[in-house]
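Only one chain comes next, encoded as structure tokens, the form predicted on its own.
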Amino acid sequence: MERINLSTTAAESRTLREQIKAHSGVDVKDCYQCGKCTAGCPVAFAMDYTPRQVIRLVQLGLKDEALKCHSIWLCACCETCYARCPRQVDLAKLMEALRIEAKGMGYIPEKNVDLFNDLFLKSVEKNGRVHEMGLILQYNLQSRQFLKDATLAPKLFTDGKIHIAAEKIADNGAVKRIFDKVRNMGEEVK
């Protein structure tokens, strides 16, 4: 096990904690490492660091370890951790802030997760809702998994779960204004 000199990470710890708090509103000092978040997390089994450990990395100022880990990309944002936390630490928001920070620094260990998120948001911005068929096609083409889940398509079509043409909402301008507002908020934070 690698030894870490915590006195060298103290300054970076403060900087990282302040950045995360500014982006997410989450103060990681509130976490006292009880582990209830990890115990209830439905995807903790697939993570390289458990949710509790991710918070601890941020608390200790281990920025590279926190931003390069796969766990922040695997978080399902289901908020089970938040519902279980006795200190109301919103771990889903923390994970999102870490993903944004990591993406800004070019650390994207789960490229397909990032691709899916981007394509999903583009579909919602364009149509006002997600167009499942377009999302599946774009994802499979861009992730180079051309026939992924192709055997499921006939049943999804016959059951009416996916449609060839995108269904758009009546007033897509409202959705576009939401996206524009969020983009402007991002510029204000930088």
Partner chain sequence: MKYAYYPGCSLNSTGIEYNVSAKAVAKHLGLELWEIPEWNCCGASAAHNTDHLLSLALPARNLAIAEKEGLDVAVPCAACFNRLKATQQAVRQSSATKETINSVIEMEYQGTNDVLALSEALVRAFSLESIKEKVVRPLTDLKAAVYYGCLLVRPPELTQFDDAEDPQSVDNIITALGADPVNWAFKVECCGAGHSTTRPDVGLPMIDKILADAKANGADCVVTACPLCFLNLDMRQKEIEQKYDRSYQLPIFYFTELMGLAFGYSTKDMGVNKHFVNPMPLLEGKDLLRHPATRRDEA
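Numbering follows the first chain given and starts at 1. Small disclaimer: the values here were computed from a predicted structure and weren't measured.
Form predicted in complex with the partner chain: not shown, discussed below.
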Has each of D30, L67 and Y107 got a heavy atom lying within 4.5 angstroms of the partner chain in the predicted bound form? no
Answer with yes or no whether A46 is in contact with the partner chain in the predicted bound form, where contact means some heavy atom within 4.5 Å. yes
At the 4.5 Å heavy atom threshold, is K148 in contact with the partner chain in the predicted bound form? yes
Residue contact check: V124 to the partner chain in the predicted bound form, 4.5 Å heavy atom: yes
Taking heavy atoms only, is K161 within 4.5 angstroms of the partner chain in the predicted bound form? yes
Which residues within 78-114 place at least one heavy atom within 4.5 Å of the partner chain in the predicted bound form? C78, E79, T80, Y82, A83, R84, Q88, K93, E96, R99, I100, E110, N112, V113
